[in-house]
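Presented below, as structure tokens, is a lone chain in the form predicted alone.
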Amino acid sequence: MHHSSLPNELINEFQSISGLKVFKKTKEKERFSRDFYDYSPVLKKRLENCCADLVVQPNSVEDVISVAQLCYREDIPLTLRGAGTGNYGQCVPLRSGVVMVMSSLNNIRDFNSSTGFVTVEAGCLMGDLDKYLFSKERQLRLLPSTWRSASVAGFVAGGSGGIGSVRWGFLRDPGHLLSLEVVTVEEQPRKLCLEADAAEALNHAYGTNGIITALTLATAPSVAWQEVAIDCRDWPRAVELLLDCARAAVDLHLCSLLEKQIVDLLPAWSGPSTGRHRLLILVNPDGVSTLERMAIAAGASFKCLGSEKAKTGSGLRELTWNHTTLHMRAINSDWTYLQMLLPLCELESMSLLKNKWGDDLLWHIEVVRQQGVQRLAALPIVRWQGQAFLEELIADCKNAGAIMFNPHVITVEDGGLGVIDGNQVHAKHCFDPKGLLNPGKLKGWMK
């Protein structure tokens, strides 16, 4: 059992910060020290005993500054938390200390109707922001499949892409994140406004190098996306059709493909199982007839489920990205997953892996735009059979030419391209000179 190692007088000092809510109960501290890292058996073992000494919830940027100042003075590790929907332990305090829950900083500060830029506080939920934008005839460009419950800064600090990546690429691509308001962890914390270039280093850095309090994002004109399901008998043909759809002159928001063994296990509301591989697509109304024509030409069965009713109940987007993994794990918690960008010889590398691993590897493909080109990312569902099995599978994927984004590691770099980002490390030196923010997650700092 984890007992707080912070002295009482220090806890009292936190409690004396006017707008700050302080959680001291063990149950609360445990709850706020977790995310969905149990998707990975490796992380589950590594992180399940990590727990904050104290959890605080600021009500204003002034509260954030007070917490940063106190943590700096007392050398207390400080880990930021949004809604806790991440899968890699991004908000888990590896070295205890204070967890700061950002959910009360949730105001939408500004909307520019001529550019569609929106400025919003860190803890605002993406679902709430999307509703607000809908009233302005705009929508978010990129969303995680947990978009109903994820927070905006949590997505920017811990995510990389998702729904919308077929058109808009990744969060780190220039044009998405326009500026950040950041609080530093220093003797006298500074509140800085970082324009796009300077903000880059905090994008997907797990909150290791600055406390994001607000951000400005680009949005897109809103579209009444239509939900389309296309069923294919043959896997190579399904992959070919997926790429053809992604390259057609139609506007897509999502373009996914699930192997038939996954389709058979999906929730009943997702449509009847047909024993076929299924493409799941969100398309602009003007593109529906084109996709139908392409599907029929490919010998596939086509179904338009009508306009996406994103405002009620679950939709097609809740069957894709990491929600696919979520549904499979609900059926059998032995399922876990991998993330990779497939090489351009997609089918060849997939069949190579399939031939060896069989039904221990079920394909789940997402089309993404990478450096302006449509590429296939894979989030395959993988049967957990121990660490050695997983490492052999990862090695096989790399040998087949895939670029891995390993979801079974805790550092920013290992989960990404495996290289140390000098800008991220430099930003940490500038904004967190003692290295107190989310310690243990930025490899470049630990060297």
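When you see a residue number, it is the position in the sequence shown, counting from 1. The structure displayed is predicted, hence computed values, not measured ones.
Keep in mind the form predicted in complex with a small molecule is missing from the figure; the text below concerns it.
- Among the residues S145, S349, T184, T219, the one placing a heavy atom within 4.5 Å of the small molecule in the model of the complex is S145.
- Residue A122 is the only one of C255, A122, L376, I230 with a heavy atom lying within 4.5 Å of the small molecule in the model of the complex.
- Using a 4.5 angstroms threshold between heavy atoms, C245 stays clear of the small molecule in the model of the complex.
- Interface membership of I281, defined by any non-hydrogen atom within 4.5 Å of the small molecule in the model of the complex, is ruled out.
- Looking at L326, you'd find a heavy atom of it within 4.5 angstroms of the small molecule in the model of the complex.
- Looking at Q139, you'd find every heavy atom of it more than 4.5 angstroms from the small molecule in the model of the complex.
- Contact with the small molecule in the model of the complex, defined as any heavy atom within 4.5 Å, is confined among 271 to 279, 90 to 98, 290 to 298, 69 to 77 to 90 to 98.
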